[in-house]
Structures are given as C-alpha cells and as structure tokens.
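Shown next as structure tokens: one chain only, the form predicted alone.
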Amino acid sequence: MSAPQHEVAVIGAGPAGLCVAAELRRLGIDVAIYERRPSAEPGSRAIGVHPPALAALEASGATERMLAEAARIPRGIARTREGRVLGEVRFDSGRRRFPFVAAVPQATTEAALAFGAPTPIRDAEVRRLAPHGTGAILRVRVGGAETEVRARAVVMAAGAEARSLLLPVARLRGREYGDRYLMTDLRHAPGQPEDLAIITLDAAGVVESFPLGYGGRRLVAWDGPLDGPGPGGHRGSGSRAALDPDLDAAARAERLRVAVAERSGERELADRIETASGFGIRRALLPRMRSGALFVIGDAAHEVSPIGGQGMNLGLLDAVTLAPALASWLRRGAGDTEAERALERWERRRLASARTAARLAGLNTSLGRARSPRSHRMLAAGIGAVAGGPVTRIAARAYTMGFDRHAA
C-alpha cells in the first residue's frame, strides 16, 4: 500500500493548527491534520481574542462565528483592594475595526476555526519527522498501526510537547517562571459588569477578573512562587496549591476563594467558586520558525506567559499569515525567488512579534507578584501617576497586541 501523500501535513489540531489548515484549504491546498489527542477537548483554556486576530480571521467567517458567543470587553481597570481605581485602559478609542477584546471559550474558538478545515485524524502520534527531497516524511502511529505520510510541507502546531520532533534543528531559548496561579470559570456572576476587565493589584498578589459570555466570569489569582514564600509567608505553598495533582480539589478551590475575597473584597463572587485548577508559566522562543519545508507556529515556536492573553493570538496570527505565503510557495515551487522572500518576511515579522509579546507578558507577570507593603504602595503610586494621556494609549495598544508586526 502506498504512503498517503498531501501538499501539507499539519501536526496539531489546536487553534493554530485548525486555523492554518482551514486557511490553506480555503486557498485550494490539500491538507491533512494529525492530532495526538483522541478527543476534541481543548488542550488549554485561552479565552481572549484580540483585535488583530479578529481582523485577520474576518475574511474566513471565523470572527463572526466567535463573536456570536463572545463577551465584548471594551475597557479594563487596575484597582486596589479598597476599590480605588489606579488607571483605566480603553480598547474602544481610535478607529479600530474591532474596538474590544472578545472573551470566548476555547472550545467555541476551535469550532469557529475548524469550519472548512479537514477533519483531524485523531489518536495519531507523529513519532518521526525527516526531510525527504523537497518535502518531508512523517512516521505516524494511528491507533495501534504505524504508517508513513509524505508531504510537500509540514506545519508543526502541536505545542510545546512536540518540540522533540524538531531536534536537533530547534535550539530553544527559554526559562521556567517560578510563578504559579489558580483559576476558575464561573457560569454566573450576578452584579458583575459584563463589559469590564478588572485587575486588582494587592500586596499578596494579583487577582484578575474577566467577563465571559452569558454573564459568566473568569477569575485568576497569583498563588506564589515555585520555591519561596507564597501568599501568607508559607514556603512552597503556592507550588503545592496550584500544581500538586494529589492536593484535595476542595482545598485548591478554598485557597482561590480566600485569595479573591481578601485581595479584591469581592466576597459574594468568591463564595461562588466551587472548583479551581492551577498552572505555571514558561517563556520559550525558537530562533527560527522555518527549516526548508518545515514550518513551526504557535506554542511549538513560542511560549509566553498567559498573563495578558497573547499566546493563542500569536499562534492565530502565525497561522493566518503563513497560509497565503505557503500556498504561493507550493504553487510556484521551492526555488521561486518571490515566494521565498515572502516566507522570509513572514518568519522575520513573526519572530519579532513573538519577542515583543514575550517582553510584554513578562512585564505583566512581574506586576502581578506579591511584594512587600512598601513596594506595593510604591507600585500603586507609580501606576496612578502615569495613568492617563499617552501612557494609557500605549498600554491599550500593548495589551491588545497593537505592536504585533501583522496588526492591521
């Protein structure tokens, strides 16, 4: 039996993989998607879709499908535990096509992106990836059987866990952050503003509160460093609460309830917390996103702190901007000068965008850590002093990925 052959093989059926596959098929390119997960359950829980991504996805209809279930957030505030507003950032100023951040469950985002994409081949583990002529050969185990797949181009969009396939090409530049967080999604949050993101800066660590569609709310709280005193001064408590899979789920939820109630003063909101999950963060950037017929996008190419919500958007912009350049390269042939230059520009601009996003995400992370009362007062005073005017406009642009090299 001959090996399956495709113009493009996409590895990974997360948002970036679905997006690039759908865009390529829309351009008339034969695509197959291979996904290790046996089901379509989201691998992460990113919710924020920023204006540049909404604009880039509009032509495919994905934006309209997402907005049908999204909460639209035109502004955000930073405040203290006592409720004093330190500053406001508006996303609806200026002449923007989409003057808001769309808060959408990732399952909804993936369904919107998958429209028009080929059905992923699931329970498919790519075990080996090797160049072959002007394309590549993949060794894929589907169920219990291993098969060989040939493709003219491969797009790696399977996230950080798939980077081993890129070795020794991938020379990863990265670091593990010590910060740990607790998070929950509330289906109902009565009395909460449906169009406002609220960041409470407290000496014990940040609490973030974002609207979700249909009156829900996402809550995120800093929960201490990996090694060192967590909130309350207990060494290592943050690491155990956020990440230990053996920790009692009720204890994790209780810890988040206490953080929300004590740091933000929102005790009624805190009382609604029934479950909580924990996560840590990493920063990882590949120096290249292309090697011959292999292209790397999304978290496989760059991981940034989720605080600020830019990671998924980076991957979506990688995907939607790669598709037309890759389609042209496939049609013109690998040696075509114009097609090669278009891909070089794509890679250069995406790498620059990832570096910018990583720096901004690192800044957001540092602002949310616990600090001494004196340092916290100095931070609050500093934010209050610069709030307003051009600083606020720059902050709004930074938060909504306005510095991305493909921002419209």
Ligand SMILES: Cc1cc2nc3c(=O)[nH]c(=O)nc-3n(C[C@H](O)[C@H](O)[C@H](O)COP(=O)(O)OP(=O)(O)OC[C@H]3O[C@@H](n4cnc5c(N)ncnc54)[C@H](O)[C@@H]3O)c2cc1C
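Position 1 is the first residue in the sequence shown; the rest follow in order. What you are looking at is a predicted structure, and each value in this text was computed from that prediction instead of being measured.
Keep in mind the form predicted in complex with the ligand is missing from the figure; the text below concerns it.
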query: Partner-facing stretch of 191-199, 91-99, 119-127, 328-336, counted where any non-hydrogen atom is within 4.5 angstroms of the ligand in the predicted complex; finding: 119-127
query: Answer option from P211, G309, P105, G205, heavy atom within 4.5 Å of the ligand in the predicted complex; finding: G309
query: Candidate from R359, R369, R349, R37 lying within 4.5 Å of the ligand in the predicted complex - any heavy atom; finding: R37
query: Exercise: R218 in contact with the ligand in the predicted complex, heavy atom 4.5 Å; finding: yes
query: Contact flag, A46 vs the ligand in the predicted complex, heavy atom cut 4.5 Å; finding: yes
query: Proximity of L186 to the ligand in the predicted complex, heavy atoms at 4.5 Å; finding: no
query: In the predicted complex, T109 touching the ligand (heavy atom, 4.5 Å); finding: no
query: Residues within stretch 6-31 having a non-hydrogen atom within 4.5 Å of the ligand in the predicted complex; finding: I11, G12, A13, G14, P15, A16, G17
